[in-house]
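Two forms, one protein chain; C-alpha cells for each follow separately as structure 1 and structure 2.
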Structure 1
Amino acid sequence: MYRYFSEIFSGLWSLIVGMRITLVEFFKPNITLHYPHQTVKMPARYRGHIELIADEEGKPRCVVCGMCEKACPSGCITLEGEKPEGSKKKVLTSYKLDFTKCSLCGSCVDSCNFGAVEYSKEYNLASTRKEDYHFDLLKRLEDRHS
C-alpha cells in the first residue's frame, strides 16, 4: 500500500519537475539561426572544395607534379601541363575538379609540396545539374585575378 502511493507521488513529482524544466526553456531566448537571413562564418580551417593558389604574378603556383591527382582516393582531379619551349618548368594548362566525387578529405592539400592548393570557404553549393560541379579551377583562378 505504501509503495503504491509513494510510487504515484514520486511519479507525479518527476512529471512536475520535467514540466518545470520545459517551462524554463520556454522563456529562454532562441538559439537557432535563421538560415537564409543569417549565416555562420566559416572557421578558418573549413574544408570546402579546393582552389588553386596564385603566385605574385597571378599565375598558379602549381608545378604539375601530379601528386594531388595520385593522392586523391576518388580520382576527382585531372590536371594537364606542358613544357613551353625553352623553359625548364612545366606550366599548368588545365586543372579540373570533379566535385561530384570529392569527399573533402583533404589528401590533395596534404600531398602538395608546393602549397599550390587550398580549401575554399564556399558552402552554398546547390544545383540541379551535375555539370555545375565540374570545376575548372584554372579558369576560376584567372577569373579571380582578372
Structure 2
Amino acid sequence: MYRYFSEIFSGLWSLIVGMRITLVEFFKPNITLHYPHQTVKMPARYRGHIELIADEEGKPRCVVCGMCEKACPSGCITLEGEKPEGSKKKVLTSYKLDFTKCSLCGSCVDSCNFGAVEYSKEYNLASTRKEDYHFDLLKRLEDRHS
C-alpha cells in the first residue's frame, strides 16, 4: 500500500516540476523568427556558394588561369575562356558551378590570386530540382551589374 501511494506522489511531483518549467518558459520572450516573413542576417564569416567579383568596369576579375578549377577537390567548377584577336589576356566566356558536388571547402577562393572569387551570403537555396543548383556564375554577375 505504501508503494502504491509513493508512486502516485512521485508521478504528481514530476508533473508539477514539468509544469513549473513550462510556465516559466511560457512567459519568456520569443526568439523564433517567422521564416518567410523574417530572415536571418548572415554573419560576415558565413560561407555560401562562390560568386565572381567584378572589376571597376563591371567585368569579371577572372583571368582564366584555371587555379580554382584545379584546386577544387570535388570537381564542381568548369571555366572556359578565349583570347580575342589583338588582346594580350584571355576573356572569361563561361564559369559554371555544380553546387550539388560542392563541399564548401574554400579551396577555390584560397587559390585565386586575383581576388576574382569570393563566398556568397546567399543561404536560401531550397529546391526540388537538380538543375536549380547548376549555376552560371558569369550570367549571375552580369545580372547583378545590369
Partner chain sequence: MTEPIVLQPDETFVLNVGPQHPATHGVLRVKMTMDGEYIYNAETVIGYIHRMHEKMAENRTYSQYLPNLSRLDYLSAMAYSHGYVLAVEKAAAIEVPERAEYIRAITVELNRISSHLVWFGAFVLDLGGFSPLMYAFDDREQILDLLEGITGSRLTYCYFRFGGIYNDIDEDFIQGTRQFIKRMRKALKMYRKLVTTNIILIKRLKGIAPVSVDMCQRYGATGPVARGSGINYDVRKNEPYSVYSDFDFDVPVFTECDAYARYNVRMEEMEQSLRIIEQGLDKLPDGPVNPEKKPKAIKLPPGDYYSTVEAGRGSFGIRIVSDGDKNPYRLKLRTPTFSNMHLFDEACRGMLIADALAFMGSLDLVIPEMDR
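Under this definition, the rigid core comprises the largest set of C-alpha atoms superposing within 1.5 Å between the forms. Numbering for residues begins at 1 and runs along the sequence of structure 1. Residues that one form lacks are left out of the comparison. As the structure is a computational prediction, the values presented were derived from the model and not from experiment.
- In this pair, structure 1 matches the form predicted in complex with its partner chain, whereas the other structure does not.
- Candidate list 67, 123, 105, 40; rigid-part hinge between structures 1 and 2 assigned to 40.
- Smaller rigid part rotated by 28 degrees relative to the larger one between structures 1 and 2 (C-alpha superpositions, whole degrees).
- Core superposition gives residue 20 a CA displacement of 7.6 Å between structures 1 and 2.
- Once the core is aligned between structures 1 and 2, the alpha carbon position of residue 35 differs by 3.7 Å; this is the C-alpha shift at that site.
- After fitting on the rigid core, only one stretch of 3+ residues whose CA atoms all move by 2 angstroms or more between structures 1 and 2 is found, at 1-40.
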